[in-house]
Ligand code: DC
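A single chain comes next, written as structure tokens; it is the form predicted on its own.
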């Protein structure tokens, strides 16, 4: 694959609740790179498919949807904002339904091909921290720095539970863990770009580590490899 120098891309993959979103944002700020939230892109496709009544497993219709989808990120006051056309969908994509639907839709080859092509175009200039589930294995296999974050499922479920309570949702802790396990199963068992660490990724179990501790591990490893 042609593209940016290995020195210009940092990939952070992992399951939901592993801490990769928070750490990707922080690392991007720390090293002065842009943050690419690829999971949000799949959520946006799922959102539009849901709105238009498109079957989540209909490759042809989904390919047509992706071809005409105007996605772009803009820098917001505290986080990147995702737009479909002129509509800010940053909040609309952050629902449990979109979480599961994005996992389903991301297993469709036509969708993955379209999103991978778009992600590579965004990363062409380098200097990005790309967060997702197949960044180090499929999208940017030549990235010099690759990390894979994981954590025990009960720890990840607790984190997600607290996040959703903080957003004002009324949800049971048991339901959150059930949804998380279902997402894990979908992501790890799909035939296209399953959730697995890249062979050269640094695997970090964040179960008992603070955000600062994980950040130090990543920065130290990057210094060692420089």
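Residue numbers count along the first chain shown, from 1. What you see is a predicted model, and the numbers here were worked out from it, not measured in a lab.
Just so it is clear, the following notes concern the form predicted together with this ligand, a form of the same protein that is not shown.
**Report entry** Interface residue in the predicted complex among 28, 40, 176, 201, criterion: non-hydrogen atom within 4.5 angstroms of this ligand
**Finding:** Contact residue from the list: 40.
Query raised in the report: Exactly one stretch in 127 to 135, 67 to 75, 151 to 159, 82 to 90 has heavy atoms within 4.5 Å of this ligand in the predicted complex; which is it?
Result: Result of the contact check: 127 to 135.
Query raised in the report: Looking in the predicted complex, any heavy atom of residue 144 within 4.5 Å of this ligand?
Result: Heavy-atom contact with this ligand at 4.5 Å: absent for residue 144.
**Report entry** 4.5 Å heavy atom contact, residue 120 and this ligand in the predicted complex
**Finding:** Answer no; every heavy atom of residue 120 is more than 4.5 Å from this ligand in the predicted complex.
Query raised in the report: Wondering, does residue 109 line up within 4.5 Å of this ligand in the predicted complex on heavy atoms?
Result: Contact with this ligand, no.
Query raised in the report: Quick one: does residue 190 come within 4.5 Å of this ligand in the predicted complex, counting heavy atoms only?
Result: Because a heavy atom of residue 190 falls inside 4.5 Å of this ligand in the predicted complex, the answer is yes.
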